[in-house]
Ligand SMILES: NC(=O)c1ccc[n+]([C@@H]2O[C@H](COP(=O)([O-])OP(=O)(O)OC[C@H]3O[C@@H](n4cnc5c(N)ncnc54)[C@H](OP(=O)(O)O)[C@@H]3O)[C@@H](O)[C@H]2O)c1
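Single chain ahead, written as structure tokens, the form predicted alone.
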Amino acid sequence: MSNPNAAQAPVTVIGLGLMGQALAAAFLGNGHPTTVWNRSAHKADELVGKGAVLAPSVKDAIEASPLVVICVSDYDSVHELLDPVEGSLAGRTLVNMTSASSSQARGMAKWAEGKVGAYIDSAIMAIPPGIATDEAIMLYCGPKSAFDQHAETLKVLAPAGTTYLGEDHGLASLHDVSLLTMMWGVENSFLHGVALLGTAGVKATEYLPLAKALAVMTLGFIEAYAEQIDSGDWPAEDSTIDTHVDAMDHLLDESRELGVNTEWPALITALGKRAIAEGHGPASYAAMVEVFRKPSA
């Protein structure tokens, strides 16, 4: 059940790096009484000027609000700050927005058992200026009842992108890295293409319209691949892995001949040839997932 007084619900933010400052500013700007704490107190100056309360200690910060958000550099820092004052967390909801692996997130949930009223793990898919805009995506996992209780408050951070993933505390971190690997794959491919075209004097901005069109086309491919992967069937409705690898060889040759870095095309070509060696050559590109499902040699 959502909190009927969410518009006035107090929030504490621990950690005022660029992201922490953006989180606190979003809560404050949406009418939430906001308490903040940071090792370097001067980082709170602008927030205090807008109405935030700077707590003198982590303990005071925690005890100021029923909802406590922590966003620091790593989980060692989380424990360094919270372990000494764990008694103050009883009955409160702790939302950890510190980046970590899924195993670390699940470990933190075990630590929180019996100490915290409710523990929610979160992942931020946004840069600080994107917080509180429709571009932000915030992922949450943990007890559904605790998320529902604070959903309206948390929604101010990502009005269109607040997403609850389930009870498993590792899901936010796991989705985070899964989305990042896709982001870097797209960005690396674009930059490699820019490097290739640059040998002919083509500017990145000239290449951009075609790159965007191809990205949209690729979205259609992966929608079909997702269904194939879930069904375990790989009909080659667009192209086979054999055909893809032939094109990858051309890319590798072109990169080598033009004096452009070959590591990216060499990697994807090697993965494609591994899929063929495993018998997936006639299948759709979706069958490449079988290569990624196995540990590296």
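These numbers come from a predicted model, not from an experiment. The first residue of the sequence shown is number 1, and the count goes up from there.
Separately, the form predicted in complex with the ligand exists; it is not shown, and the next lines address it.
Shown alone, this chain has one stretch from 207-215, 122-130, 165-173, 104-112 that lies within 4.5 Å of the ligand in the model of the complex by heavy atoms: 122-130.
Put simply, of 9, 19, 288, 25 only one has a heavy atom within 4.5 Å of the ligand in the model of the complex, and it is 19.
Of the residues given (73, 188, 178, 199), 73 alone sits with a heavy atom within 4.5 Å of the ligand in the model of the complex. Under a 4.5 angstroms non-hydrogen atom cutoff, the ligand in the model of the complex has residue 40 among its neighbouring residues. With a 4.5 Å cutoff on heavy atoms, residue 146 does not count as touching the ligand in the model of the complex; it lies far away. Among heavy atoms of residue 94, none comes within 4.5 Å of the ligand in the model of the complex. The ligand in the model of the complex is approached by residue 80, whose closest heavy atom lies within 4.5 angstroms of it.
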